[in-house]
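So this first bit is one chain, no partners, the form predicted on its own, shown in structure tokens.
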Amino acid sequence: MHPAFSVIFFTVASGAGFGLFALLYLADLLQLGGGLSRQQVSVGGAIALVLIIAGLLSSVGHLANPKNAWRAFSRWRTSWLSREGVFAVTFFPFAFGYVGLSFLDLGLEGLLLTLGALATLLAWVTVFSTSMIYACLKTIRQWNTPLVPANYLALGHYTGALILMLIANQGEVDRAPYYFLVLAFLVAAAFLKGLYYFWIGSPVAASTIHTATGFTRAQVKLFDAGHTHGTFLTQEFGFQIARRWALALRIFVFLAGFVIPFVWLVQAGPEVSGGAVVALIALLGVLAERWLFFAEARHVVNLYHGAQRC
């Protein structure tokens, strides 16, 4: 599949924003490390909202006709894309209420925690809906797996936890719980990503030119594609990446996304410093991961344009 930067930025930025908001609320609810100050909660919530809004604006730019984006909301019963939009829009009133009350510090704890709980629930459902846009497509084997929602949720919370740790480091709270929170999500995200790469590398369930045509007793090969120029199908669904470049990018994903942050965290311990640089490196790794997620996906329509296997 053609990897569009607008969609890559949207999924990475909004995933980190929703993950940060959910973890921020849970840290506030459980008074993690002695409890974040109201100022830290409002700053963290504002950063999460900025990331989510930037991601959503980027996704609107990806639409062929952005002025008709409102029509997508009417298909929420059958479309994961529509559900994603509905849940994302519904999230904002509760999230703004939670961040606003945290900033004003009016002492309305019951209302504050209720708004935060509803916004957190909607944040999780929105990220899940985003992942299901891809996971529900049976025509793309690399996406049609429960590992896709698991990866989206794990990476969103991992990048959100990194930002939350940076916020916690600016206050007087005990940093250890935030440190171990990042380590836990880092290990979980790395394990799920490795499992996903192992699964898509398995040829067992791949579609082939034989399964597409029904001819199984001889070698089938396309003589002529039927067109002399690229089409929408070949441009959007026929993106190819050389195997050696895919391997090099996978190595970069693990080095930048997981190995370097892990080594830095283990060496630095809970009293970490310089975390902004490592968080930036991890985000670069996640951006590369998301680019590969699209570039390595092979739609079965490629079997009718010369591919032997998808």
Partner chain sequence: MRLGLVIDLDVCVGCHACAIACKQWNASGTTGPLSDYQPYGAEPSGVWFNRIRHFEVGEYPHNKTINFPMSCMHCEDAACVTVCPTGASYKRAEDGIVLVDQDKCMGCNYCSWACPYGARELDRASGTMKKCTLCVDRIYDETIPIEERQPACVLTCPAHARMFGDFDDPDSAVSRAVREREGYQLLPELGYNPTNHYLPPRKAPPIPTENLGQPGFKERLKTFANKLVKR
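Numbering follows the first chain given and starts at 1. Owing to the predicted nature of the structure, the values given are computational and were not obtained by experimental measurement.
Just so it is clear, the following notes concern the form predicted together with the partner chain, a form of the same protein that is not shown.
Novice: From the candidate stretches 166-174, 99-107, 224-232, 185-193, select the single one in contact with the partner chain in the predicted complex, where contact means a heavy atom within 4.5 Å.
Specialist: Only one stretch passes the 4.5 Å heavy-atom test: 224-232.
Novice: Looking at 94, 197, 239, 134, which has any heavy atom no more than 4.5 Å from the partner chain in the predicted complex?
Specialist: Selected residue: 134.
Novice: May I ask whether 71, 209 and 305 each come within 4.5 Å of the partner chain in the predicted complex, counting any non-hydrogen atom?
Specialist: Every listed residue reaches the partner chain in the predicted complex, so yes.
Novice: Do residue 255 and the partner chain come within 4.5 Å of each other in the predicted complex, heavy atoms counted?
Specialist: Judged by the heavy-atom cut-off of 4.5 Å, residue 255 is well away from the partner chain in the predicted complex.
Novice: Hey, in the predicted complex, is residue 81 touching the partner chain, heavy atoms inside 4.5 Å?
Specialist: Yes, residue 81 sits close enough to the partner chain in the predicted complex that at least one of its heavy atoms falls within 4.5 Å.
Novice: Hey, in the predicted complex, is residue 1 touching the partner chain, heavy atoms inside 4.5 Å?
Specialist: Residue 1: yes, in contact with the partner chain in the predicted complex.
Novice: Can you work out whether residue 291 and the partner chain are in contact in the predicted complex, taking contact to mean some heavy atom pair no more than 4.5 Å apart?
Specialist: Contact with the partner chain, no.
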